[in-house]
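Take a look at this single chain, the form predicted on its own, given in structure tokens.
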Amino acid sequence: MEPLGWIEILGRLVQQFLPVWIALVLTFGLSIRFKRRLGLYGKLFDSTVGMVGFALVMFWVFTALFADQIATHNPLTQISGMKNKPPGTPVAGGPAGVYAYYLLGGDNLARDVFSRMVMGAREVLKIAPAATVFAFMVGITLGLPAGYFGGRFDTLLSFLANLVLAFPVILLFYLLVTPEIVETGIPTYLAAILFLFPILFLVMLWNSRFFTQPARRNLYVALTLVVGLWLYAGLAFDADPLGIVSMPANILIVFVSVVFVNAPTVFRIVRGITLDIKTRDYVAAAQTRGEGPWYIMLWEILPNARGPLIVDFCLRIGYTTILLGTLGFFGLGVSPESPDWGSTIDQGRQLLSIAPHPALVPALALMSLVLGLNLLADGLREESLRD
């Protein structure tokens, strides 16, 4: 077979991403149709910048979801004779039934660059959004009472947050995943502490909201504790009695490091917003009605802080994606054979002058995802300011 030309490669790439195109069309069609009923999310479709950012982000989200259908080869499979081959090279001598071409070429270990890029999206999006959610849980749970109550509690938490933020982010992130630190057990101890915050947050949420409805409150709190502690045992200690929930040790280290690095910044943002909002008239009215402090924090202050927090959440996923790529580039945190974009860029850079495509493809993927998150944050900020 003859090698494919660039037009043929582009046509085949478009064909491979067909599930993504269908999902994007359905998402945009339904969202635009019902945008007036969808709050801030619906208003996003009035912003050109926001729509472009949303399209880029959802492209990679759907790519991660449909990665098994999109990828043309196993990302770990090595086929003889395909080392550093250029894009569009036909596969010769491969196993029966494999895709006939390496659409974006082969890397220095004769693996398909396109398939590694596609599966790498799943690796990145499996960690970055979830770790950012956990960081927000920690930051909100501590930032709300710090800003609302003030005093020594606020002073202590602010000091600890500033202590963590005094270290350069990349250096701190790098130190937390080095083998020497891992051997001390510090990441496990951090996981034991940080993974409790989502449970604590939800328990306080239900208790404050349904305090006057004990039956409903007790049901929600009980469900949160049962499910939360089950997930907590599996994720933090790999001790799920059912053997369903677990997190590989290397992923746990990266996950905890992301949460630990991001939580102090979220804490400071939430604390600052709380200091401003607690002086508003509707907070004073809630206090006059006799509402409890946690009700006021979670149901009066937090909803009115959602605009800045949603924008920061999008930006923080982008920062986390860059951090994960940096870790992979240094060969830390994830397994060496992982198709995550950072590791792929690191392996491809070694022969950059001879075969640039193994490093260039994941680098462009990483750039487009972060660009999409930044544009999405800009669109959300633009629309939130109009409220």
Partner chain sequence: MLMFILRRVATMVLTAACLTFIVFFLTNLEPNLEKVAKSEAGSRISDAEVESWLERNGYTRPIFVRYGEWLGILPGWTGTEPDGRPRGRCVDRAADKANAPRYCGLLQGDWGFSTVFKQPVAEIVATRLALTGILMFWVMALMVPASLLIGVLAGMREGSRLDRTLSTFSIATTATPEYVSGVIFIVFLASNAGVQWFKGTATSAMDGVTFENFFLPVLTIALYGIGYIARMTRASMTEVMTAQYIRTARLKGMSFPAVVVKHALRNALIAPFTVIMLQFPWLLNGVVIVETLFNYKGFGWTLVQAAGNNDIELLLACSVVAVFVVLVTQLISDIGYVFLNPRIRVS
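Each form is matched to the other, and the largest set of C-alpha atoms that superpose within 1.5 Å is called the rigid core. Residue numbers count along the first chain shown, from 1. Everything quoted here is computed from the prediction, not taken from an experiment.
Not pictured, yet referred to below: the form predicted in complex with the partner chain.
Asks: From the list Leu44, Ala67, Val61, Ile345, which entry has a heavy atom within 4.5 Å of the partner chain in the predicted complex?
Replies: Comparing distances to the partner chain in the predicted complex, the residue within 4.5 Å is Ile345.
Asks: Which residue, Val203, Ile170, Ala286, Met247, is the contact with the partner chain in the predicted complex, using a 4.5 Å heavy atom cutoff?
Replies: Selected residue: Ile170.
Asks: Heavy atoms within 4.5 Å of the partner chain in the predicted complex: does Pro339 have any?
Replies: Contact check for Pro339: no, nothing within 4.5 Å of the partner chain in the predicted complex.
Asks: So, Phe149 and the partner chain: in the predicted complex, are they within 4.5 Å at any heavy atom pair?
Replies: Contact check for Phe149: no, nothing within 4.5 Å of the partner chain in the predicted complex.
Asks: Check Val57 for me: does it contact the partner chain in the predicted complex (non-hydrogen atoms, 4.5 angstroms)?
Replies: No - in the predicted complex, heavy atoms of Val57 and the partner chain never come within 4.5 Å of each other.
Asks: Thr184: heavy atom within 4.5 Å of the partner chain in the predicted complex?
Replies: So Thr184 counts as contacting the partner chain.
Asks: Please determine, with the chain shown alone, which of 138-146, 313-321, 277-285, 117-125 has non-hydrogen atoms within 4.5 Å of the partner chain in the predicted complex.
Replies: Checking each option against the 4.5 Å cut-off leaves 313-321.
Asks: Considering only 357-380, what residues come within 4.5 Å of the partner chain in the predicted complex, judged by heavy atoms?
Replies: Sequence-ordered list: Ala359, Leu360, Ala363, Leu364, Leu366, Met367, Val370, Leu371, Asn374, Leu375, Asp378.
Asks: Quick one: core overlaid, is Leu171 moving 2 Å or more at the Cα between this form and the one not shown?
Replies: Shift of 2 Å or more: yes.
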